[in-house]
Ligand SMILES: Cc1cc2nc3c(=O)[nH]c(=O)nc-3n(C[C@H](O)[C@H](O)[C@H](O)COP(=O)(O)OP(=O)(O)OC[C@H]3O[C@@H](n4cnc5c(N)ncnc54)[C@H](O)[C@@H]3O)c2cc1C
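Encoded as structure tokens, the following chain is the form predicted alone, with no partner shown.
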């Protein structure tokens, strides 16, 4: 690991001032950054430890039923908050299916939003990777691509975003609050992550030294609370990154779908909001045929980036499954395997 300076600021203003220096990285839970530093992918000159900054580790419930989540809230604390589970069950499912209990106790909400790719070519210093070294090429193209993107990819990069948490958050119109040297601003979570285009090294919409301070879920998102689910397909029935995942929410009334929320994970460099599918669902009667039509609409622009054509059909089938489960209703208690299509019957509470 490259030697680095370590500083712990007293407040947000000091953190932003320190973060403006070139070669600086912010550290919160460290569950992603430290791993990348150990293998030489991340090589900061200075670490600014923001893990104890005041005012960034709380939940603030709003009068409209929405919630503001501080960037330093731990994944475990958020997932097991009783009110949060009731109001946003798909997000709790995603958090509990995303990592081991040990990692959830350390990882933070803000860090989860900024996870780096798990593409093996990104993590292998001997491989060409445009994200890690701009204009060096992409060895993933023509390589082992079963886990790579089928939507929004380019010839410069075919990596996918690894976050479970971001998928339901994108579906629920979450908003990210950011602070930087230029002041405060907000970014729709759906727009936080960038598609690769010809500049895959620019992974997010954040400007240099900007810091995520909170993420908000609007009150309108609670309208789908009773009928929202998150599912993921993984290569082993344990805490693994998604091959494909899906988050769905349905607002029902008078035997019809008033509105729908749908997003996919594991298929693109960002959580993929399937608005075309939402349009197919809205206003119609909930049925397997309509769900299948929505699934086809969601993947209409998908194309393999190598040996991963199976992902397209897998995503279609997962969309139908998650919509069926959303229609049936959110569980009173989280299943023993949150996020898994193979989860046993509801009522078996997940063990922390």
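The structure presented is a predicted model; accordingly, all values stated were derived computationally and were not measured. Residue numbers count along the first chain shown, from 1.
Note that the form predicted together with this ligand isn't included here; everything after this is about it.
- With the partner left out here, this ligand still marks one of 162-170, 77-85, 257-265, 187-195 in the predicted complex; by a 4.5 Å heavy atom cut-off that stretch is 162-170.
- 29 is the sole member of 29, 44, 66, 286 with a non-hydrogen atom lying within 4.5 angstroms of this ligand in the predicted complex.
- For the options 91, 217, 277, 71, the one in contact with this ligand in the predicted complex, meaning a heavy atom within 4.5 Å, is 71.
- When contacts are judged by a 4.5 Å heavy atom cut-off, residue 271 does not count as touching this ligand in the predicted complex.
- Under a 4.5 angstroms non-hydrogen atom cutoff, this ligand in the predicted complex has residue 118 among its neighbouring residues.
- Although the partner is absent from this view, residue 33 contacts this ligand in the predicted complex, with a non-hydrogen atom inside 4.5 angstroms.
- In the predicted complex, none of the heavy atoms of residue 228 sits within 4.5 Å of a heavy atom of this ligand.
- Contacts to this ligand in the predicted complex (heavy atom within 4.5 Å) from stretch 211-231: 211, 212.
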